[in-house]
Structures are given as structure tokens and as C-alpha cells.
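Before any questions on binding or motion, here is one chain by itself as C-alpha cells, the form predicted alone.
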């Protein structure tokens, strides 16, 4: 990859911002999403997008940019101040709940921009260009939950800040399921502290058939990218469905600037899929300190 122009680590800038694309219609969850955003569907006791925002905060992100569309006002309301609700809870003596509501409003700076037409994930990221500016940023898909003490986004931030090169999270999937994912063609470039988990991306293939997949490493919905990606997106021609695909822009970035794939540490839940949503609900409920023990007892009592 002799044409790669990588930044020196010393010139890499701190990752302060994150883009959360949330303009999709959520058709896989109809009728539940007919009148509410998919991102506001609750997993146990929090909406999907709050899990993602909390991952941002735990990764050192200071400013979240949410790309919304028509019918997404509930997202803005969720992260906005709610003085009447706080006052009501205080008056009822529910101080802990009032403080919880207050924390959601104050956890991080949030800005919004609109994607007026559903023109693809790449276009949604491009819409955030003015708010991101000329600095590196993270992208987190709002329907992928990656809980845990070591956020996947933070792991990618560490790679970027150490190397000056963008990084995307990948995980191993069964070969027969590669047609469901974007898959990377990567060359191991071990370096401390990541070892064999760090690969230099040669190419990315969208939903390849098992026999044609270059690997079984699937893109997981977490990215840390340099501002150069915006120029790559601007040069990306619409693909299937007349949509601008982020994967196509990442292919350009990998060739021109370099791009890492990191086999991250953790477990992800594709909560944009009904089965994935159910798995996330069950497994996160089992980890809940208030509900976990009782819920586990209930599941064991079922005659399955």
C-alpha cells in the first residue's frame, strides 16, 4: 500500500465528536415504529439510542451529532431538559428518578441535523460535515448495542490517536453468514498492544456470498474516521437504491489514506433485527442488578 499517506501519530488530533445516524424509518419493526423512532425502542429500561450515547461518553466523546429525519422529535425530547417532569418527581419525593432524568439531559452536548431524504448511510454521515468540521470523529450506528466496561468506540479512538489512521470495528462471524454483512479484506499488521487483532484494510466487500467473502470479519457499526472521509463521500457515486454507501467511501479512504480493522474486545447486539433485539433485551436484563436474579429464576422456570 505504497500510496497511503498516513498521519504521524503526533499530528493525530483528539477524537471529541461522534455522529449517530438516526434518520431511517425502522421498517423492520413496524408497526412498533409507525409513530415512534426505532432508536427510542426500549431495551429493558433505556431506549436504544441512550445506550449508544452512553458509549460515546465512556469513550471520551464531548459532542454528539444526531442525524435525524421526519418523525424523530422524540429523540430530541429525550436528551432535552425536562423541568416539569423533574419538578413533578421532586414533589413526589422521587429524588433518585429526578436526578436520573437530569443526568440524561446533561450527559453530553448534543446537536441535530436533518437528512431530508433517505439517501443512504454515507449520505447521512456527509450531512454532518459542517457540524463535525475538520477533525476526526466517531460514527456509531444507533441499532447496534455493545455493552461492557471497555467500549468498542474507545478501543477505536485509542488506535486512531496512536497511529493517526482511521479504524473500524470488526468481529468474526460464521462463514455462511457473510452475506448479511460488510466484510473486510485485511492484512494483519501486529503492533502493541493490539497484536493480531489489528489489520490493515485492503478492501471492503458489501454482503459477499460465503464462497466469495475475503474473510469472516464483519463490520460491526463502530468507526473512528479522519475528516478526509467527507471528501471520499463527496466523490462516492450512488449505488443500489440510489443511496450513497459508507462502505464505498471507506474503500477510497483505505486506498488513499489507509484504514485499520480492529477485532474489538466485546459482544455486540444487532438490535435493528428482531431476533437481535430480543437477545439484547434478555442478556442485558440478566445483567441488571435490580432485575437480573429474579429474571434468571423466571427463565429457568419456563418449560422450554
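Positions refer to the first chain, counted from 1. Rigid core: the largest C-alpha set superposing within 1.5 Å between the two forms. Bear in mind that the values here come from a model prediction, so they are computed numbers and not experimental data.
Keep in mind the form predicted together with ligand UTP is missing from the figure; the text below concerns it.
Trainee: Looking in the predicted complex, is ligand UTP within 4.5 angstroms of a heavy atom from every one of 145, 267 and 284?
Mentor: Spot residues vs ligand UTP: no contact at all.
Trainee: Looking in the predicted complex, any heavy atom of residue 25 within 4.5 Å of ligand UTP?
Mentor: Residue 25: contacts ligand UTP in the predicted complex.
Trainee: Consider residue 124 of the chain shown here, and say whether it contacts ligand UTP in the predicted complex, taking contact as heavy atoms within 4.5 Å.
Mentor: Looking in the predicted complex, residue contacts with ligand UTP include residue 124, since a heavy atom lies within 4.5 Å.
Trainee: Quick one: is residue 119 in contact with ligand UTP in the predicted complex, heavy atoms, 4.5 Å cut-off?
Mentor: The answer is yes: residue 119 has a heavy atom within 4.5 Å of ligand UTP.
Trainee: Test of understanding: in the predicted complex, would residue 141 fall inside 4.5 Å of ligand UTP by heavy atoms?
Mentor: Contact with ligand UTP, yes.
Trainee: Which is the contacting stretch out of 57-65, 275-283, 253-261, 37-45, given heavy atoms within 4.5 Å of ligand UTP in the predicted complex?
Mentor: The contacting stretch here is 37-45.
Trainee: Which one, 163, 178, 115, 220, lies within 4.5 Å of ligand UTP in the predicted complex by heavy atoms?
Mentor: None of the others qualify; the residue that does is 115.
Trainee: Just checking, between this form and the one not shown and with the core aligned, does residue 241 shift 2 Å or more at the CA?
Mentor: Yes; that C-alpha moves by at least 2 Å between this form and the one not shown.
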